[in-house]
Structures are given as structure tokens and as C-alpha cells.
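Below you will find one chain, with nothing else, as C-alpha cells; this is the form predicted alone, and questions on how it binds or moves follow later.
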């Protein structure tokens, strides 16, 4: 089973839950932790890990053969993403706008368009020294690139029998692309008005694509009861409340795993793992 861990915005504790749950569960079974937050992957920083593979993620983009091009403009008119434009020097490609549909190549009467690979990111595999049954795979989008979904798709292709996915934050296309492959979803939020606002957005998105989900409240006790009351009204299960503690924050800021420092948090992860395993993870 695949479990995706999401949040309405960055900084709510999504990765903290993902890495601690993955590390705890890997003590008894093989776990793959997929870091699909490809614009800012950082899950591996919580582990002493050795990189075992580093592979390119590439997309296909047009290559214009200018010596064959007659400037008929059919490719420009066909491109609905405005990735091609006609200039005085010929057809010019904006590779960042290209969606690799291949329509320009199909309509070119002179066969003046080929395709070539363009690297947009990397996939890296890590093995963790302290957790030999845990494998971390991260997607890393190159800086300046706008199309993150090809990198996410490559990361998700590594899903195994027991997989935890650290999803991108928010409710936009990269998140939908990530959670549509998940069997269950955990939404991490905070007990503040801002957390409630973002939780409502994530809940609306997940209901739209019909994904079952549960809620984890991080930094519980810091704000108000708005999140708990709303979840109760909506019939959304709250499976874990992580208290707001300065010693937790210090360990996280130092790149440490909470399960290695706090027995109470380890018990929290045990209860959460037991609940998820009862549902098939």
C-alpha cells in the first residue's frame, strides 16, 4: 500500500512525520520513502545515508532543423503551449513551455523537426546506515525548471509494497499527481487559523479526487481548537496530535529523528503505524 503525506503549505511538519514514520516502520519491514517534494527534497538529510544511484530525468523537446525549415508556421500555430515562435532567424523554441506532446513534429510538412532529450532533474537512491530496511528515493528538479511532474512520475515509479510518499505542499497539480497514486493520505496541519484554512483546501482537493484521508495535528496546543472542531464536524479522523515542544523543535532543527530521542514520540509512531497497518500499509 502507498501512503502519501501531504500538507496545505510548507513547514507544517509533513516531512517530520514522513521520515519518523518510515524509520520506525522499517524496523520490522522493508519500507521505501519516496521524496516527491521535488522542488525542495530534504528527507534524506534526517539520515546518515549513502547514495547508491544517481540518474537523470529527461523529457523530449523539439529540435528544429533550420536548413529544412521553410517557415510555413504550421508548427507555431499547432503548439497550444506557445513553446514555439517565428522570428526573423527562424523557429525559436522555449523549452520550458514545451509539454513534449510532439504535435509540432507531426504537422511539419518538411520533416524539419526531430526530438531530443532534455534533462530536467535527477533521481537519487539512498540506503540508510542505521535503518538497513529503509530505502530513500528522492526526486530533485533542476533550478529554473517549471515542469515538476516528470520528476514526480519518475520518483513514484519506485513505489514498492510498503511505500511512504513525502508529497509536495499545497493543492496544485504536483500534489494531485502525487496523491492520485496513493491508497491513503495523511494530512499534516497545525492547530491555528492558518492551519485550518489550508486544511480545508487540501480536504476539498482530496474529496474531489475521492481519496480517503486522515489528519495529523502538529504543534498541538500552540493555537486554538478550530482544527479539531472542524474535523469533528466533518467526520474526519484525527489520528495523531503532536504536542508543541521546544525540545522537539531543537532536535528537528538539528536534522535528528524524534523517535531516537523521545520515547513518547516513538509510542506515537507505534500507534500510528499500528493504525495504518490495520488498513493495509
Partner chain sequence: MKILFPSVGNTLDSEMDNRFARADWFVVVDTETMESYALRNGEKEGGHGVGRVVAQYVVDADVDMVVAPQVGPKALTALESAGVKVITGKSGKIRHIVEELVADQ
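Being a predicted model, the structure only gives us computed values, none of them experimental. Residue numbers count along the first chain shown, from 1.
Omitted here: the form predicted together with the partner chain. The next part is about that form.
Segments offered: 191-199, 164-172, 122-130, 80-88. Contacting the partner chain in the predicted complex at heavy atom distances within 4.5 Å is 80-88. For residue 96, a non-hydrogen atom is located within 4.5 Å of the partner chain in the predicted complex, even though that partner is not displayed. Remark: residue 176 does not count among the residues lining the partner chain in the predicted complex, judged by a heavy atom distance of 4.5 Å or less. A residue is said to contact a partner when one of its heavy atoms sits within 4.5 Å of a partner heavy atom; residue 204 fails this definition for the partner chain in the predicted complex, lying far away. Although the partner is absent here, residue 107 is not a contact residue: none of its heavy atoms lies within 4.5 angstroms of the partner chain in the predicted complex. Interface residue among 209, 92, 101, 72 relative to the partner chain in the predicted complex, by the heavy atom within 4.5 Å criterion: 92.
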